[in-house]
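This document opens with one chain alone, in C-alpha cells, the form predicted alone.
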C-alpha cells in the first residue's frame, strides 16, 4: 500500500537516527520512493553517504551549498512528498516546529508541506513526560501534525521508560495503515481475539489448529493506528503484534479465552472474534506424560467447549459483533446458516477452496455476510483485508435483541 508513494524522511539529531537506514530500506522494499533531509546534528549519528546509498537519492542537509552558494529549493522537496515523516524528532526540534522556526533544512521543508506530516518523537523519558514537551505535543496536534508516540523501553541514558523510537518494522506498519480507516473508528473501543486455542492432553501434549493469529493481529493493528483503543486477546504461540500501545492479553484454552472476553465485553464498541477456538476439550487431562503402551492409542472422553461467539451475540448488548468462519464444503451456504445460528452482526467467511487464503499465509480472501447482503473481498494481504473488513463494519448497525 506504500507502492509508488513519495516519502520525505526528515532526520534530526537523536541517537535513534541509527535506525533510519533500516527504515529507509523497508520503505523502499514496500515500493515507496524515499528522499532524505537532515538537520546538521543528525549527521553526527548517521552519514549522508549511508542515507544516500540506501535511499538512492541525494541527501539534503543544508539550506544552501556553502561552496557554490547555490540555494536548495526546499519548497520543491516538500511539494514532491506525498507524506513527510520526521524520525527521530528531538525535543528541541519539536519546540522549534511549533514556534514556526526555520533553523535547518528539516524545519524549512516541513513548514512548506502540503501533505500530511507525521512526527516520531524520540527522547529520554523525563523529557517526554515533561509538561513543556506534552504542551508542545498538544500544540503540534492542534496545528495538524500527526504523532506516533514513543515506545517504552531501554533508553540511551540507561533508564527504562517512554521515549524510545519505535522499531523500523513498526513504523512501516504505521505508515502503511495511516488514514486508511473511516473516521468512525477514532476513539472506538475494539476487542479482538486471535490465534488458535490449545487443549491439553497431558503436561506435554495438546490439540490445536493451524491458526497463526495473523488476521487478528492485522485487525488490531489497523484499528489501533487509526485511533481506536484496542485490546487483543491472543493465544499462546500465536503472532504477537508488532505495534505497541494496545493492551495484549495471552490465554491458552477456550475456557481462558471465554473468561477474558466475558470479563471485558461490555466495555467495548466492537468485538471481533478472529480466534480459532477449539470445539472440544479433554474431560480429564492426564497429570503425567502419557506413555506408549502395548494397548495402543489411548482413548479420551471429550467435553464440548462453550460457544463464545454465540454467547456474546444472544444477550442484550451495545457492541457490534464480528465473527469469523472457516468452511471447506458448500462454504457460502454453510456460512449463512452459521450467521443465523451465531447471531452476529457481520460474519467473515474464509474457505479452504481458495488458494492463498486461510491459515498460515499472509493473504486472505473473505466474504462478508450480513442479514441482507454478501460482499466478496478479493484475495489481498491480510493487512488490506483487515482494512476492508473494518471499514465495512463502520457502515453496519448492531442487531436489536
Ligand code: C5P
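Residue numbers count along the first chain shown, from 1. Keep in mind the model is a prediction, meaning the values are calculated, not measured.
There is also a form predicted together with the ligand; it is not shown, and the following applies to it.
Interface residue among 237, 153, 203, 306 relative to the ligand in the predicted complex, by the heavy atom within 4.5 Å criterion: 306.
Scanning 275, 232, 222, 106 against the ligand in the predicted complex with a 4.5 Å heavy atom cut-off leaves one residue, 275. Heavy atoms within 4.5 Å of the ligand in the predicted complex belong, among the stretches 166-174, 320-328, 134-142, 115-123, to residues of 320-328.
In the predicted complex, residue 266 stays away from the ligand, with no heavy atom inside 4.5 Å. Taking the partner from the other structure, the ligand in the predicted complex has a heavy atom within 4.5 Å of a heavy atom of residue 279.
When contacts are judged by a 4.5 Å heavy atom cut-off, residue 342 counts as touching the ligand in the predicted complex. Residue 365 falls outside the set of residues with a heavy atom inside 4.5 Å of the ligand in the predicted complex.
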